[in-house]
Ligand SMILES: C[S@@+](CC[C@H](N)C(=O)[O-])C[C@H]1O[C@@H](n2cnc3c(N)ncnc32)[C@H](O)[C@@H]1O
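Given as structure tokens, the chain that follows is alone and in the form predicted alone.
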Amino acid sequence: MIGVDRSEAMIQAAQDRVSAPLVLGDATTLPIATASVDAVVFVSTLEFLLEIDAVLAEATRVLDPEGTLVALVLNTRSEYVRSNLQREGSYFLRMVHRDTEALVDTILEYVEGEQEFFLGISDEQVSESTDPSKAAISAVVGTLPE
């Protein structure tokens, strides 16, 4: 596992919590060799980034040809995410990509895979849910096209 963040302060904070290597870098120009990682994982990240195509191009560049890309994205069709987009002061308001389906379509331009809804959040309770109106998190899992 290699952690990447563009904030030196966040790298230092993470060093106190994990023993994995951490590198200062930007998702559009990863300091990682081409085709050198088994998996690239985004956890509620892509929806906040302006340069989505540059980020996905870079993620697939570093991915081994047999590797897997996993993108967990906030599902803007869910009641939970929609309510947080209405709440003053919510970090959800920083989302650049608020159309989950369009974001998923963009991800699937870079990898062959599919979208699944799996994590519901309601009244601070977390549960499994495949219902797009309830699942706050959607996962896109894919591999490089052959």
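All residue numbers are counted from 1 along the displayed sequence. None of the values given here were measured: they were computed from a predicted structure.
The same protein also exists as the form predicted together with the ligand; that form is not shown, yet it is the one meant from here on.
The ligand in the predicted complex comes within 4.5 Å of a heavy atom belonging to residue 49. In the predicted complex, the ligand sits within 4.5 Å of a heavy atom of residue 26. In the predicted complex, no heavy atom of residue 60 sits within 4.5 Å of the ligand. Remark: residue 44 counts among the residues lining the ligand in the predicted complex, judged by a heavy atom distance of 4.5 Å or less. From the list 110 to 118, 49 to 57, 76 to 84, 31 to 39, the contact stretch for the ligand in the predicted complex under a 4.5 Å heavy atom rule is 49 to 57. Contacts with the ligand in the predicted complex, taken as any heavy atom within 4.5 Å, map within 3 to 32 to 5, 6, 7, 10, 25, 26, 27.
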